[in-house]
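This document starts with one chain, in the form predicted on its own, laid out as structure tokens.
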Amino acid sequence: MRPMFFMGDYVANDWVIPIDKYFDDPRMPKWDRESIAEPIRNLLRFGDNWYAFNNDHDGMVIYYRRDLFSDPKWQAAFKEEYGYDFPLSPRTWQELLDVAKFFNGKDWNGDGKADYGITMHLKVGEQGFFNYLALAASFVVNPAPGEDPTKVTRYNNVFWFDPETMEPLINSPGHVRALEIMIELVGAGPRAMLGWGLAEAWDIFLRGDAAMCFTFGDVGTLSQDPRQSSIRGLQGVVAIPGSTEVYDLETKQWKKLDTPNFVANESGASWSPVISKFSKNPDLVAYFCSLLATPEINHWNVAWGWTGIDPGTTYDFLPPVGQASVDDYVQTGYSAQDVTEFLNAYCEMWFDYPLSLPYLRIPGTADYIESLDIHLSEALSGQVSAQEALNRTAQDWERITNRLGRQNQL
């Protein structure tokens, strides 16, 4: 199993082999490539070839306390404080920030202690950079004009680098605005999350002390386990919010939007099998990986949940998009309403959102991401401004690009 965001290094270094030749091999179990949500399906391919088998499907969403958000008392108090109706569910980052600030510091669970608005996992060297990428996408990824909003140009549907010069875009205004919002979100939760990995960030939500959790699909499963969760039957889930403004790199101005700019993300490892070039028996590996990828086994892993494999294919989701049923999940221990919200949030993000974050998958990705991770922490902890942190990141990225060769990286 390998994380899919390192695919550029795998392919460039000739460490893995294409798997296309196995698709029509009568010896191999059959799996359904067309059923995979497009943002995830793109991770399993590189150039004209498939390199990975279907398995895990990571992306970031927002979990929230459904009982808390639907309480008329808190809805009325929010409207009095912020001047607009409580957003159930938050659909923009500004709405989500207001809700996080509103619930932070209040004892809304009645345990005599102040509770938190949101929790994230932001420890350097862990997976906090994924939070930033998912948040930043709707401020940075600018849809193309015309009939195809997904068309990639120098100024549209780009996120990481200028596709003509390889100049980093990471310190452009859209990125800066997103990091400024993330800094504010840190202020609406426990300061300790700057040093938290996944488990600590999840635990504070699962035990009922945070109103929201911004993370991967795992919490949708863990929340159903009474051994570690006090919120089974109380969990709401919303697809990643959007932004009502996006920065236009061509005009160098902010575009105000009537409807939010929704951008899907596949942030996370999306652990999937590949075949090493050095395998002594690649056909046997292909058989085993194909078996794991079959709908029967892959959906079993998703529906039982405790495997850590998250939903991402049509056979995992509910009609009309998918073929699964709520009973598939209820019989494994899910609350019917909890799992319905969980599945619908991911289904909306991956099948309805018009845009998707273009994942960085080029040689040196680990180096670029490590730099971003370190400098994000400098901003989130208050050591430097968002602009300065991202300027430092851009400087590092230029050095990495020059070391690896600008033309090769382009």
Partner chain sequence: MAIRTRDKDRSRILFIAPAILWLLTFTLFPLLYSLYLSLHGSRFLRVTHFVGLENYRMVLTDYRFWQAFRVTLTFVVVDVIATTFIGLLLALLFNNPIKGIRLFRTLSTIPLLAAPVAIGYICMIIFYEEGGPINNLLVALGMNGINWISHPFWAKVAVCIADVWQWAPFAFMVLLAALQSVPDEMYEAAVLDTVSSWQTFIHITLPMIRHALVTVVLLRTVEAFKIFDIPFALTNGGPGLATRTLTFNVYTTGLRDQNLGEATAISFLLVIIMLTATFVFFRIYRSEYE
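Note that the structure is predicted; figures quoted are calculated from it, not measured. Numbering follows the first chain given and starts at 1.
Only in words, not in the display: the form predicted in complex with the partner chain, which the text now covers.
In plain terms, the part of the chain that comes close to the partner chain in the predicted bound form, with a heavy atom within 4.5 Å, is 202-210 out of 336-344, 202-210, 157-165, 102-110. Using a 4.5 angstroms limit between non-hydrogen atoms, Pro282 is distant from the partner chain in the predicted bound form. Residue contact check for Pro29: none of its heavy atoms lie within 4.5 Å of the partner chain in the predicted bound form.
Put simply, Gln383 is close to the partner chain in the predicted bound form: some heavy atom of it is within 4.5 Å.
Using a 4.5 angstroms threshold between heavy atoms, Asp396 counts as touching the partner chain in the predicted bound form. Shown without its partner, the chain has Pro190, Arg191, Ala192, Leu194, Gly195, Trp196, Glu200 in segment 167-202 as residues with a non-hydrogen atom within 4.5 angstroms of the partner chain in the predicted bound form.
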